[in-house]
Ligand code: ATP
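Quick heads-up: it's one chain on its own, the form predicted on its own, in structure tokens.
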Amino acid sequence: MINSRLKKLTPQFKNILKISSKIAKKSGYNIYLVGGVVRDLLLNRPVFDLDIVVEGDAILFVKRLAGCLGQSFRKHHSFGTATLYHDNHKIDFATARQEKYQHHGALPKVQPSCLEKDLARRDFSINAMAISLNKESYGQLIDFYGGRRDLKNGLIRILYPESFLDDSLRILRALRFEQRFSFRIEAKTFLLMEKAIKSGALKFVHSHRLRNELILFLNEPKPYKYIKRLYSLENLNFIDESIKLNKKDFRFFIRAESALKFYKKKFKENNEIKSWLVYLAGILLHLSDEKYLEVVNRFGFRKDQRDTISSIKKNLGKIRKLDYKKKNSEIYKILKNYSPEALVFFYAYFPKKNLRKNIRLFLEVLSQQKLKVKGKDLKKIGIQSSSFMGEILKELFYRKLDKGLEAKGEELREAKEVIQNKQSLKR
């Protein structure tokens, strides 16, 4: 059964596993597929990246593999890990290790170990399975901790009682997997998770690690469900205790999902929109300016991300003006400087039809418009000053939006009128 799942991997992945198996035998190492990839194979879900554990020196192993494939790789000596990039795929290799936590919330100290102890340090049983890639046992499932049974029963279960205290990010991961797979958190696991939440365990996690996990959380399909579930348990205190969400906020999260679907479908060439940033802006919207700055600085969000959220918080009143009848040029002037995330946020946040119609008009039509008349065309009719030329082209563009100019000839005639008007004003 497992072998048939391995056969469904991409040809590139299958080739890498085949070569890896040969190198492992020559090197005297044992290697295994581990973690989420095993879980997803058993669930018949698509696999995009691979995680491989090496009982041996993972960095030396990847050096030999990269040589065979003619690829470069990145190594991290302090963790005994290496990453190989091949045909747009990422394959992570790690030396089998065990972890010891000096205190709750601290990063663990690691040392080389065997597969069984490596799997014992994982977050949940469904992520603590492995598939042998060794020649003698290729494709054999290794399940020391009942992961396959829990997968079949749809359960999220930790491997030891201190798990949520040692790494409290597992609280967010448990909820993420619960919602993603429509699983249940096993009863004892849930009690231990609630206890960790009540003790404020998430506050002991480094804020940058929390940020990364929060982004994953908000990038999941239908984040509304995730946010609602987390808020019911923790109130988002790990972000800031003053965050209070209401029914209006949750209705926004639902509309944001539809708005993002519309945007991604309509503008397929722009796949860089950060969906998570739209939801995060909704979460942080009601924070005071002082609290907001403290949160984004503590979490270490990039300047462009902070600027997007700030532009949303500061300009809701300005965007409300779009509910009134506006000329196309006025709509353009109001919306032209916002990021895609901010525009989608505004579209989702305001349910008023006319306002949303104007935002949609900007996205679908106005933002796509370009002048056919260029500076060289203005030179031909006697305009030499670059600053004056810029003024003319700007005014001409706004007239194009308002009058629906299409042909270049129409634009030229309009340009001459703009020039006459501006020159008469200067006399």
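What you see is a predicted model, and the numbers here were worked out from it, not measured in a lab. All residue numbers refer to positions in the sequence shown, first residue = 1.
Below, we turn to the form predicted in complex with adenosine-5'-triphosphate (ATP), even though it does not appear here.
Just one listed stretch, out of 29-37, 63-71, 356-364, 369-377, contacts adenosine-5'-triphosphate (ATP) in the predicted complex at the 4.5 Å heavy atom level, and that stretch is 29-37.
Note on the partner interface in the predicted complex: the residue among E234, D167, E178, D150 having a heavy atom within 4.5 angstroms of adenosine-5'-triphosphate (ATP) is D167.
This chain appears without its partner; in the predicted complex, the one residue of K313, K225, R251, R209 with a heavy atom within 4.5 Å of adenosine-5'-triphosphate (ATP) is R209.
E186 falls outside the set of residues with a heavy atom inside 4.5 Å of adenosine-5'-triphosphate (ATP) in the predicted complex. Contact check for T308: no non-hydrogen atom falls within 4.5 Å of adenosine-5'-triphosphate (ATP) in the predicted complex. In the predicted complex, D51 approaches adenosine-5'-triphosphate (ATP) with a heavy atom inside 4.5 Å. Using a 4.5 angstroms threshold between heavy atoms, S132 stays clear of adenosine-5'-triphosphate (ATP) in the predicted complex. For the stretch 121-155, the set of residues having any non-hydrogen atom within 4.5 angstroms of adenosine-5'-triphosphate (ATP) in the predicted complex comprises R121, R122, D123, N127, in sequence order.
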